[in-house]
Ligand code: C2E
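One chain is shown next in structure tokens, namely the form predicted on its own.
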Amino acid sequence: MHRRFANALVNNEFVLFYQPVVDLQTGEIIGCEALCRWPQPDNTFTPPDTFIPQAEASGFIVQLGEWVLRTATQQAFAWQKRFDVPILLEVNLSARQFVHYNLVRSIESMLANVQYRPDCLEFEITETVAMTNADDSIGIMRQLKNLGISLALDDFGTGYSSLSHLKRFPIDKLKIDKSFVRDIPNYGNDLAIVSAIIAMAHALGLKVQAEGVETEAQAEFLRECECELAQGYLFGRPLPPDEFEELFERYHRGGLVFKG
């Protein structure tokens, strides 16, 4: 499997899609999340839920993650030069990447080569990854923060982090998992959970980003709770680079604003 993945990388089979991230209060597109996709000859895509765990298990995820980060930062840098505005770039760090001995050094080198602003880069780390050897995780997070990079705790609510650990993590944002967003505002328990997460995050000085926002009612509820950021099909599916650029240009040049 590792050889198959390696051949796919050499043959430029992997591609990156970019899903818009929107400021809920203003309706502005402020950035995107980079998502890896693997097209197949029959014009279908191998689901990320299939190949990412396989890449993780084989150890190839470290090599793939480096390609994702390098490609995404080069693309974001080109967009920033074209539009002359900062563009937030969110990139996932896998478990193997996070504990890789050369992680911080390789990221520092890559940023210097690409000349990408580290304050526009945000790494997403799941609760499970952060909680594995929490003390070591906190040390790695601090090194990344020292580079100027922001950190987000991804899929919040689905892992097993405790509040005692959460307050120790040097993070900037919580991302509310789409499983909690899906049924708001129709399901009372999810309403309570989401509003509680937002209130807790703000009390800790953290921003909040909701995933999987698909309806105007969901966006309105999140806005009322003062959730800062959102992504989901309401604002845009993951898009190839040219289509994301077109969407961003329509917003940037033509005043397109998302109001859920």
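Just count from 1 along the sequence shown to find any residue number. Everything numeric here is computed off the predicted structure, so don't read it as measured data.
The discussion below concerns the form predicted together with the ligand, not included here.
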Within 4.5 Å, heavy atoms only, which of Cys227, Ala219, Ala201, Val68 is in contact with the ligand in the model of the complex?
Val68
Non-hydrogen atom contact Glu28 with the ligand in the model of the complex at 4.5 angstroms
no
Consider Val213 of the chain shown here, and say whether it contacts the ligand in the model of the complex, taking contact as heavy atoms within 4.5 Å.
yes
Using 4.5 Å between non-hydrogen atoms, is Asp154 touching the ligand in the model of the complex?
yes
Spell out, yes or no, whether the shortest heavy atom distance between Asp49 and the ligand in the model of the complex is within 4.5 Å.
yes
Out of 219-227, 188-196, 49-57, 201-209, where are the residues with a heavy atom within 4.5 Å of the ligand in the model of the complex?
49-57
Mind listing which residues of 187-202 have a heavy atom within 4.5 Å of the ligand in the model of the complex?
none
